[in-house]
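Shown here is one chain on its own, the form predicted alone, set out as structure tokens.
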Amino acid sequence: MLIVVPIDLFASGVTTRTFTEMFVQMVLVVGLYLFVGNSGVISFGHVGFMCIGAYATAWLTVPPMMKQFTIKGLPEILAQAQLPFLPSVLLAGLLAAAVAVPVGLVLMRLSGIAASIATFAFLAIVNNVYSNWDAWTAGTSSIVGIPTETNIWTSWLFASAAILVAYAYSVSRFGLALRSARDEPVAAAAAGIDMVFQRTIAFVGSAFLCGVAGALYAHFLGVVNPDAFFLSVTFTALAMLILGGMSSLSGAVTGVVFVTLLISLFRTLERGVSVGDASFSLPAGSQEIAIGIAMILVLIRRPAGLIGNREFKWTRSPAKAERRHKPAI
């Protein structure tokens, strides 16, 4: 909140939009961490749940008059629906979680690279379906008219809630069981831990957060298109998670902030910078190259990411701790 208040009051519109988008991406990356960080399985498919959430909120919030021209094949109950922002976002997350249940029950039986490839196949399927489902998604055309309700405050609140959810899961018995299955699968199986069940729980929970992120992003842009939820967003989200440290919640949050600042810097350089009488600009796409170089450098120097497996903790000063534990006379 100490960051949000001055930005909201004094920052320019560009800066405010940058931080709003950063908090939306934080919801996505924290959702990705909830599964990847606790299971150890790299997922390339979670942006598919983001797409599902984005289109779900479009069906629920676009004015009925506009739906008649853009998405004519919706059933009557959706064609006439126009829900407020908060219920539509939560329902979008629930739809993504509902889709994740059968998908997770199948994919979570796989491990390692096979599981990662299967999640990418899921992403490709979602993109294909939503790109060709003209009656419900308008195909490759964009659905417009989504209320732009996502501002810096709403995105910050949802990011804070996502962090609390991910933390609560990580310290719960489900999170502890999944991490034990990740680190010592044989011992965990001998102790009676069902790895498929534990992975599926994390998969569904992370799908819910990614669906919420998709709904927030739709309300941020005011428009949705299948191509906005495919390879580019997948690469950026994974880069944020890996750079920060995918085994810790603090690493996920740090990675989002680091990559957002890096992208913002290179976007400015791509637009052009004046130095005295001269001006120069970087070619388009330099930000992707910069992220790739940053990933290589960080993984060489710190293979576990900027934060590694550590978590930020509030600690008392030694003097306060001594006073607290000093016996009464």
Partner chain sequence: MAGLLQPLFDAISLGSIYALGALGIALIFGVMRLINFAHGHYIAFCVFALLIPSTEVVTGMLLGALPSWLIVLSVLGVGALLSIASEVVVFRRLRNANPAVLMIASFALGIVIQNVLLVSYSSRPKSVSLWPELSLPVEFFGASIPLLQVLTVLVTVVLLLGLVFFLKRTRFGLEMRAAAENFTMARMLGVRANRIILLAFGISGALAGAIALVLVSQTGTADIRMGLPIMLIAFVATVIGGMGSLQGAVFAGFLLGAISVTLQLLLPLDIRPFRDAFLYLAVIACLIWRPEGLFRAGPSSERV
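These numbers were taken from a predicted model, which means no experiment stands behind them. What we label the rigid core is the largest C-alpha set whose atoms superpose within 1.5 Å from one form to the other. Numbering follows the first chain given and starts at 1.
Another form, the form predicted together with the partner chain, is not on view; read the next lines as being about it.
The partner chain in the predicted complex comes within 4.5 Å of no heavy atom belonging to F158. Looking at M65, you'd find every heavy atom of it more than 4.5 angstroms from the partner chain in the predicted complex.
In the predicted complex, no heavy atom of V89 sits within 4.5 Å of the partner chain.
Proximity of L94 to the partner chain in the predicted complex: non-hydrogen atoms within 4.5 Å are absent; the residue sits far from the partner. Heavy atoms within 4.5 Å of the partner chain in the predicted complex map, among the stretches 94 to 102, 201 to 209, 227 to 235, 77 to 85, onto 227 to 235 alone.
Heavy atoms of every residue among F44, S286 and P303 are located within 4.5 Å of the partner chain in the predicted complex.
Taking I163, I125, V257, V144 one by one, only a single residue has any non-hydrogen atom within 4.5 Å of the partner chain in the predicted complex, and it is I125. Contacts to the partner chain in the predicted complex (heavy atom within 4.5 Å) from stretch 97 to 113: V106, L107, R109, L110, I113. A displacement of less than 2 angstroms separates the C-alpha positions of M65 between the shown form and the other one, with the rigid core held in common.
When two forms of a protein are overlaid on their rigid core, residues whose CA moves 2 Å or more are considered shifted, and I42 is not one of them between the shown form and the other one. L261 is not among the residues whose C-alpha shifts by 2 Å or more between the shown form and the other one once the rigid core is aligned; its shift stays under 2 Å.
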